[in-house]
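In structure tokens, the next block holds one chain alone, the form predicted on its own.
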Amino acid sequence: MNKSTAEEAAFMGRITAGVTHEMKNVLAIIKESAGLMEDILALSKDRDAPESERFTRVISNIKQQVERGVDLATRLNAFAHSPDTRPAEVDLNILLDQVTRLSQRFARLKRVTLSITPQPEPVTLLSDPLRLQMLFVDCIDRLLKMVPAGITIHMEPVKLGSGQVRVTFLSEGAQQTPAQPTLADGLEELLASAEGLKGTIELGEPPVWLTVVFA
């Protein structure tokens, strides 16, 4: 990455990190207000009225959505700091969990579920955190164009011998037949991205779609 591109990435990250921090402050105020409304409702003389139950459900929903917003803002904030240090030691358990959460909307539009099977111990790799996330999102996007609705795509990081690590993309569901295009179509760009990170990509057959191995 040349200096100009690196500076642009750092600028985007800094602004995004600042905005997500402010978003969390806004969400914290909403959460406090919902809690106050809940307390007032609990003290109300008419708390057994039908409207009281509706208000309780609404407040509960507000608090759930606030928690969801805080989680998304936290993960976006972490993503924004990806360009800060490159290369860096990355735990693929954590990085893949973040990629999964940030990609959920794209999967939901395809009615596909994303999940990660983390290891009990860290699966560490010295690499470029931003480019790693770009590679994994590209892998997810490729699979989302192929797998049928109702499929769950699992990502599983594993530490191998000799300092190697592996990430396997596999699926479960009633149908495992890939649609067109196939994984091999237009694979050159994905392979180049992996090679730039000292990795290789191996194509498979469902339920094991592809495997990325890093030296």
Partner chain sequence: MEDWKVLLVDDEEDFVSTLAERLNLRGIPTSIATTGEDALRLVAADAPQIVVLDVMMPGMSGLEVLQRLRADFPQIPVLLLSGIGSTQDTELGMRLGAVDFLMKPLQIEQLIGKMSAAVTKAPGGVRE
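It should be emphasised that the depicted structure is a prediction, and the values quoted were computed from it without experimental measurement. Positions refer to the first chain, counted from 1.
Beyond the structure shown, there is the form predicted together with its partner chain, which is absent from this document and is the topic of what follows.
Only one of 72-80, 88-96, 106-114, 132-140 lies within 4.5 Å of its partner chain in the predicted complex by heavy atoms, and it is 72-80. In the predicted complex, its partner chain sits within 4.5 Å of a heavy atom of residue 43.
Contact annotation: residue 27 falls within 4.5 Å of its partner chain in the predicted complex, judged by heavy atom distances. In the predicted complex, its partner chain lies within 4.5 Å of some heavy atom of residue 22. Heavy atoms of residue 35 reach within 4.5 Å of its partner chain in the predicted complex, making it an interface residue. Listed residues 185, 189, 51, 39 were compared with its partner chain in the predicted complex; 39 is the one with a heavy atom within 4.5 Å.
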